[in-house]
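One chain comes next, on its own, written out as structure tokens in the form predicted alone.
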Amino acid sequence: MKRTGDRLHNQLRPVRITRNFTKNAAGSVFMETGETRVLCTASIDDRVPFHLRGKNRGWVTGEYSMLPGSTIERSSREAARGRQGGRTQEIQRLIGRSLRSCIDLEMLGERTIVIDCDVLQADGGTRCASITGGFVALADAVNVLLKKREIFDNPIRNHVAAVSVGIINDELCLDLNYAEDSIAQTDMNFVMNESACFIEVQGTAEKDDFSQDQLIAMSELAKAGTVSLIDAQIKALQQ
């Protein structure tokens, strides 16, 4: 099949990670994957949730929102509706789980790092971009704690990134944009670390079922994609 921008089936969209995008947050990353753009900020709070108080253990959590102008048709603010939608809650829990997997919470101490992911422009893969960019914001927030000598050892154990893989017209494709996602037979999201281990896998047969062989092939394609994304994270953090 012919992909947008003449991408190959195993090719990521152009990735750009811009650090220090805003000045007030401990970590601030403008994450771009193709036409999807997400602002990821990390804030440090010297408190933990009630169930962790007194346990000398920190917490990392995520919040996610799509701004009204991020899609072609304006979506109303969830705050105006008085509640978050199920999709928003599911995605921000995914972000939190994914980023907690890469950090030693005991080494973090009794503090919380909140990763806010605000989608400025959506063209597919917003949850994956949020996780990939959110990790860089988390790393910057940890570096703030290290520089202030509030912690003495880096609690981050692994890089974490996420990417989508789909089946379109019986062909496997990496990193779907919205047009591709909307016609995919199968749509999957893979969260993986730098050791190529799975953190989370989400998959749905939208139109046709898929075989075990196809699942394995999709995971291999996702592995290659996350390796490239983690390389982009490393380069961004070195700048």
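Residue numbers run from 1 along the displayed sequence. For clarity, every value in this text was computed on a predicted model and none was experimentally measured.
The form predicted together with another copy of the chain exists for this protein as well; it is not shown, and the discussion that follows is about that form.
- In the model of the complex, at least one heavy atom of residue 219 sits within 4.5 Å of a heavy atom of another copy of the chain.
- Among heavy atoms of residue 211, some come within 4.5 Å of another copy of the chain in the model of the complex.
- Contact between residue 205 and another copy of the chain in the model of the complex is found at the 4.5 Å heavy atom cutoff.
- A residue is said to contact a partner when one of its heavy atoms sits within 4.5 Å of a partner heavy atom; residue 181 fails this definition for another copy of the chain in the model of the complex, lying far away.
- Every member of the trio 63, 72 and 118 reaches another copy of the chain in the model of the complex with some non-hydrogen atom inside 4.5 Å.
- In the model of the complex, the residues of 16-39 lying within 4.5 Å of another copy of the chain by at least one heavy atom are, in order, 21, 22, 23, 24, 25, 35, 37, 39.
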